[in-house]
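Taking the form predicted on its own, here's one chain by itself in structure tokens.
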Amino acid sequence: MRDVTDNEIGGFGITEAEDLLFVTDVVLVKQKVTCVTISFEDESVADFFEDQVEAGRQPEQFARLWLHTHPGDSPEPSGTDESTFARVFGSCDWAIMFIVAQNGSTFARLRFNAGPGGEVKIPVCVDYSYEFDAADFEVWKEQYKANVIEDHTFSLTGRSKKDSKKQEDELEMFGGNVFEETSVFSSHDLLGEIDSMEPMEREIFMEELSVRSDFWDESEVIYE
């Protein structure tokens, strides 16, 4: 979601009851977005809450982790982020604001109201020891199309605004496998292919490559 658009995208983190800081899924609700704001549709949020309760989850499993993206390289919360977090989550016993920027940097802060109350920044990591069943690119693409209404009135990133055709191409990358039409080639050819990719395409390729041990010929050694 972070790389498909130059705008912010927001959602809720889903956790297991026994580990409320381990996010196992991210769910979008209907929203109108710009490069600096996110406006959730009230009815969509209400429907999301109702669906989660019907699924047997408690509010602390689906309504305490506010996740959103930043289109630039800074994950630090803006004044708007701070006021939204205080207004929407200020009465909760605890809540987390999590932000991921387009360069991969993150920010997470836990706010709690127990006792005198307080807040603390907390570290973020990906736990590769768990299977991530929610990694379904087709579902992600459909979630994006169904929930996000973009307003490209202006951009703070310095990049050109994406036209509809380019954005559709990028959405298609959610559902495709970068290896599907890749023929066998040498290591030098591979490096050339990677170098010619768009930044987002290169990031997706490298992430998939890192878990595709079957792609590498372990008998080959590359020397400078």
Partner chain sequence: MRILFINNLGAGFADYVSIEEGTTIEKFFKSKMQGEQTADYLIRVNRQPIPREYVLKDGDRITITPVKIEGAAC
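Numbering follows the first chain given and starts at 1. Note that the coordinates shown come from a computational prediction; the quantities given were computed from them, not determined experimentally.
What follows is about the form predicted together with the partner chain, which we do not show.
- Of the heavy atoms in V26, none are within 4.5 Å of the partner chain in the predicted bound form.
- Q102 falls outside the set of residues with a heavy atom inside 4.5 Å of the partner chain in the predicted bound form.
- In the predicted bound form, no heavy atom of Q143 sits within 4.5 Å of the partner chain.
- By the criterion of a heavy atom within 4.5 Å, D151 is excluded from the residues contacting the partner chain in the predicted bound form.
- Of the residues in 3-23, those that come within 4.5 Å of the partner chain in the predicted bound form through at least one heavy atom are, in sequence order, E8, F12.
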